[in-house]
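Next come structure tokens for two forms of one protein chain, structure 1 first, structure 2 second.
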Structure 1
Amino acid sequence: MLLKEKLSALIPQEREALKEIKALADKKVDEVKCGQVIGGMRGCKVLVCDTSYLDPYEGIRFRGYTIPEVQKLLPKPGENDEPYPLGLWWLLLTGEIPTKEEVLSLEEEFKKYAYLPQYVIDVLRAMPADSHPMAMFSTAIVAMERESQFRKRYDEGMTKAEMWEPMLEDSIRLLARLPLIAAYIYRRKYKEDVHIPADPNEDWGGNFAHMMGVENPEYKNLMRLYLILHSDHESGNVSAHTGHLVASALSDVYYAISAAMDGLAGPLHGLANQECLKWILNLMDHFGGRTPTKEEIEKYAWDTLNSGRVIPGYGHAVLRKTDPRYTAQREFALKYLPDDPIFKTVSNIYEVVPEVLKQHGKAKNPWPNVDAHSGVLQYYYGVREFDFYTVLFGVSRALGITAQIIWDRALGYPIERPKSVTRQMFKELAENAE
């Protein structure tokens, strides 16, 4: 496999590079304030992640490349298409923009495992129909743990240096199936349990759109874009951090990604995309289904805040500017659905809500994040079941987390185990500090 060859060549040199950092073990690299610990470790530099970096003002860079650069440079199925999401996975893993041939080799490798075993279908069907799609998604993933090559090799006594190899194999097998699982959940829950087989001629991203049942080339492109945009956001966000933490115990990819999905399912994280479109449609409903004026949006936003709720899709723990993932989706909308009334509402919200949040004075970042825009695009192409939206996010996020934890094993990072103290001890520490 081309990707495995590439990684085999890269890993020894990256292990050597890590030794230089290990030699600096006693150097102080950060100062942690009381408020940071109590405030959810915000801003503490305690993780190392090479796949992407999130600058508060510039937004995400995947291995140094901005979103527009990735859109321009990664190989594409057709001239006017969005890039192959698996090209992004290659980039996250290797740091290099792949050739089209390299991406197609990965597509072929994925196709070997792109089938849904009957036992996974049985597990999904055994769950009550009102189970949340994220609970179904996470359950299906962990159910496949029995197939883990990592666990098998661990039981056979593999060495630490070999661990990245089955991690890579498990990741490919899992990622290959995620669109099938997601589409199965979608069609079982919302499309009368009628399923659409994979199309062997489609790429991983386009196939997902096809199996969802949206046969529109624009939607296939949107899916590719979506899968790229949501993939990686360094390693401190809840889903990526959870994946890293679980994998640090040498739990395999199935456990790690299932747990990561459980974190993604929270309304302050990935579930915000479902909450966001709900908020927008409720806003429009409130005004008789029309596009509300900016004054009306302002009042509605204040009502939300005054009732003690957050405005979904706005704010971020790290970002301090408009999320470039929002901008990329806005550009897609301007190209394909400029006159859509919901998109117009999304645009008007963008003009109003940041000012409202600034006046409200609480949110450190009044600007929109990725979730403020993703729902309207799905809705436009007919995927209107909001509670499914986080599953779409999950398929994409699994690209980033698997890339991160393959490297965790390649570099032999240890089990994560920070220290906790009692609240009383912590208070005394803070009182006695400078």
Structure 2
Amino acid sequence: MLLKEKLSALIPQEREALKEIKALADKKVDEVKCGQVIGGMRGCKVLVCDTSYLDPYEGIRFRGYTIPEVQKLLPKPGENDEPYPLGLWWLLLTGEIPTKEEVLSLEEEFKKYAYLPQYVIDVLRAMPADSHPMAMFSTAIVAMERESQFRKRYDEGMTKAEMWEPMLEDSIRLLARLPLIAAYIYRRKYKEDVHIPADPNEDWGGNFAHMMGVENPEYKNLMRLYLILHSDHESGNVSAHTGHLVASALSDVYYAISAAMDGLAGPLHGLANQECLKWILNLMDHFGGRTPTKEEIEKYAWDTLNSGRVIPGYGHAVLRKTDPRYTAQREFALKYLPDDPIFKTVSNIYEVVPEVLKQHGKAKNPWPNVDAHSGVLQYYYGVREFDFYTVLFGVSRALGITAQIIWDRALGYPIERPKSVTRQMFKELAENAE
């Protein structure tokens, strides 16, 4: 496998580089304040993530590349298409922009495992029909743990230096099946349980759209873009951190990704995209279903804030500018659906809400994030089942988390175990601090 050969050459170099950092073990790298500990460790520099970095003013960088650079440089199915999402996975793992030949070799490797085992179907069909799609998604993932190559090799007695290899194998098998699992859940819950088989001629991203039943070249392009934009976001967010934490116990990819999806399902994380679309549609309904004027949006925004609620999709824990992922989706919409009334509403909100939030004074970042735009694009192409949006997010985020935990094993990172103290002890530590 070309990817495995590439990693086999890179890993020894990175292990040597890690030794240099370990030699600096006694150096102080950050100062932790009381408010950060009580506030969910926000801003504490306590994790290492080489696959991506979130700059407050530049946005996400995948292995140093900005989103526009990734869109330009990664190989594409066609000249006017969005890049192959698996090209991004290659980039996250190797730090190098792949050739089209390398991406297609990875596509072929994935297709070896692109089938849904009957026992996974049986598990999904045994769940109540009103189960949440994310519960079904997480359950199907952990059900496949029986196929774990990592567990098999661990039981056989592999060395620590070899552990990345079965993590890579398991990640390929899992990622190959995630679109099939997600599409099966979608068709079972929302499309009268009528299913569409995979198309062997489609790429990983385009095939996902095909199996969902959205046979539109534009939507296949949107799916490729969506899977890239939501893939990786450092390692401190709930889903990525959960995946890293679980894998640090030498749990395999299936346990780690299933747990990560459980974190992603929370309203403060992956569920945010559907909350944004609900707010937009409620805004339009409030004005008779039409695109409201900027003055009307301003009043509605103030009414939302004055009632003690937030405007979903605006603000970010790290970013201090418009999220480049929002911008990439906006450019897609301007190209393919410029006259859509919901998109026009999103555009007007973009021009109004930041100023409202600045006047309100409580938001550190008044600019839109990725969630402020993703829902309208799915809605336009007929994917209007809000509960399913987080599953789409989950398929994408698995790209980043698997890349991170493969490298966790390659570099032999230890089990994560921060120290905790009682509130009284913490209060005394804070009061006695200089």
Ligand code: AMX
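What we label the rigid core is the largest C-alpha set whose atoms superpose within 1.5 Å from one form to the other. Numbering for residues begins at 1 and runs along the sequence of structure 1. Just so you know, these numbers come straight off a predicted model, no measurement behind them.
A.B. asks: Is structure 1 or structure 2 the form predicted together with amidocarboxymethyldethia coenzyme *A (AMX)?
C.D. replies: It is the first structure that is the form predicted together with amidocarboxymethyldethia coenzyme *A (AMX).
A.B. asks: Would you say whether residue 125 is displaced between the two structures, judging by a C-alpha shift of 2 Å or more on the superposed rigid core?
C.D. replies: No, its C-alpha moves less than 2 Å.
A.B. asks: Please state whether residue 300 has a C-alpha shift of 2 Å or more between the two structures, with the rigid core used for the fit.
C.D. replies: Yes, the C-alpha position differs by at least 2 Å between the two structures.
A.B. asks: Align on the rigid core first; then say whether the Cα of residue 182 has moved by at least 2 Å between the two structures.
C.D. replies: Residue 182: C-alpha displaced by less than 2 Å between the two structures.
A.B. asks: Following alignment on the rigid core, what Cα displacement (Å) is computed for residue 310 between the two structures?
C.D. replies: Rounded to one decimal, the shift is 2.7 Å.
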